[in-house]
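Take a look at this single chain, the form predicted on its own, given in C-alpha cells.
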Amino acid sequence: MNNTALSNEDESFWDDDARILCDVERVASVRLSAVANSIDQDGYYPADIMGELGQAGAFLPHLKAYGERFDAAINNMSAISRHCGSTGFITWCQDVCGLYMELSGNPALVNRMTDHATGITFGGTALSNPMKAFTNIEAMALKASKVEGGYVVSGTLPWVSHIADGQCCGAIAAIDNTDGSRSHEVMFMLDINEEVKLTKCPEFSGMEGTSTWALNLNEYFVSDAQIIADPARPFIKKIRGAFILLQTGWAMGVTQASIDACREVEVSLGHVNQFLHNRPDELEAELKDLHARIMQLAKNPYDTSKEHMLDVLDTRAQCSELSLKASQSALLHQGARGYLMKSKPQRLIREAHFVGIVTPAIKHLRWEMAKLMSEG
C-alpha cells in the first residue's frame, strides 16, 4: 500500500473491528506464539510478524483517519500481548508513533502515516526521558539549536525501543537560551540513518526482542519536514492521556496470558491449587472490571481534565499491579514446571515487571497522581 489516501472501499474495510481483531488473533496465536520463546530468550525482533499484524489492521483503529477507535486498538494490543508481551510492547510503540505523525499536522509526516499504520514501515518512541524530565524526575537528554531550515540536535538516549536502521521514533529536545535558561522544547521524528549511532544496551532480564538501543546524536539535522510540534509541551499535554491509556492493552494481554497459564494446570493441579490466593476466576473478574473501565476512558482519549487524567493514571497503575499479581499467581499455580527458565510463567513474570517499570512506572504514576491532587 502506498502513501496515497485510501479509497472509500478501503476505508470501510478497516471499519470492521471484529474482523480486524479476528485476523490479529489469528496471526498472534499461530505466528507469534510459535516464536515467543525465541523473542524472549534469543532477542529475536519479530519485524516480519509485525508486518503481518499491520496488514491485519492492528495498528490503525485509534487514528483519526481510520475512525479514532481507541477501544479497538487497545483490544488488538491485548490480543497480541496475550501471546507475547514483548511484541505487545512494540505494538504500543508503533501505535503512539502513528499518533505523532497524524496529530503533528505536518503534511510530510501525515503522508507517511498510511505505510506506518499498515505495517509497511515501523517506528517507536523516545519519550521516556522527556516524560520524566517534564515532571523533574530527570534532566532532558537531548539539546537542540535553531539553524536554517530546522534544528541540529545532540545528546544520548539510553533506551529506545522498536528502532533500527531505516526506522524512526518520536523524540524531544530542549532549546536553551544563551544565558542557559530554557526557551522551550521541540518534538520531531527522528529518522534512523547514518547520522544516528545505535549502541547495544546491556542485556535485560526480559524484553530482549524489542530492538531496544541507546542512540547518540551529534549535531543531527532535523528538517522542517520532521517537526511534530514546536513548542512540544502543548502537544504532550494533548496526547499524554492517550499515550498512557494505550499501554493498558499491553498490560491486559500479559495479565490474560497469566490467567491462561493458571488454567493450563487446573486438570492436573486444581485439587491443590484451590488453596492458593488469586485464583484464575478471581483474577479474571478483576481483569473484566478493569477492561470495562478502560473501554469507558477510551471514549475520550484526548480529555485533558484533571479528573480524566487522574482516572487514566490510576487505571494504568492498576494494570501494572494486576499484571504483577497475575504473573506471580501463574508461577505458583504451575509450581516446579513454572520455575523452569524457559517456562511461560517465567517469561510472564519478566514481562509483568517491565509493565511495572516502563515509563510511566508505578512510582512515576503515583508521583503524577500526588502532584495533580495537590494542585487543588
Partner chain sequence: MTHSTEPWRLFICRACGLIYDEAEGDPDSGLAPGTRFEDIPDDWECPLCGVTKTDFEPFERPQISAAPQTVAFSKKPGIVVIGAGLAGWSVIEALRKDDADIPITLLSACKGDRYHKPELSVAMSRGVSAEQLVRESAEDAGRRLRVKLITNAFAVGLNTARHELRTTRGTIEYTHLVLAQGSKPYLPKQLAADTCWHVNHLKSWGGLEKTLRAGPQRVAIIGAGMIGCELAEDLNKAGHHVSLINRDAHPLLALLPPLAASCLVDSMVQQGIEHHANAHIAGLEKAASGESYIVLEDGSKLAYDQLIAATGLQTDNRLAKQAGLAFDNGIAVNARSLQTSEKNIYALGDCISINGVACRFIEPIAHQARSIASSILCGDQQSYEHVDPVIRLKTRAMPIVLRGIPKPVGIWKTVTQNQQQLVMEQYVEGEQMAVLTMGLSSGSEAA
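Numbering follows the first chain given and starts at 1. Being a predicted model, the structure only gives us computed values, none of them experimental.
What follows is about the form predicted together with the partner chain, which we do not show.
- When contacts are defined as a non-hydrogen atom within 4.5 Å, all of 293, 370 and 374 contact the partner chain in the predicted complex.
- At a distance threshold of 4.5 angstroms between non-hydrogen atoms, residue 147 is out of contact with the partner chain in the predicted complex.
- Proximity of residue 298 to the partner chain in the predicted complex: non-hydrogen atoms within 4.5 Å are absent; the residue sits far from the partner.
- Of the heavy atoms in residue 303, none are within 4.5 Å of the partner chain in the predicted complex.
- The partner chain is not drawn, but in the predicted complex it has a heavy atom within 4.5 Å of residue 140.
- Proximity to the partner chain in the predicted complex, taken as heavy atoms within 4.5 Å, picks out 309 to 317 from the listed stretches 343 to 351, 23 to 31, 309 to 317, 329 to 337.
- Out of the listed residues 180, 166, 202, 107, 202 is the one that sits within 4.5 Å of the partner chain in the predicted complex by at least one heavy atom.
- Shown without its partner, this chain lists 266, 115, 289, 195 as candidates; in the predicted complex, only 289 has a non-hydrogen atom within 4.5 angstroms of the partner chain.
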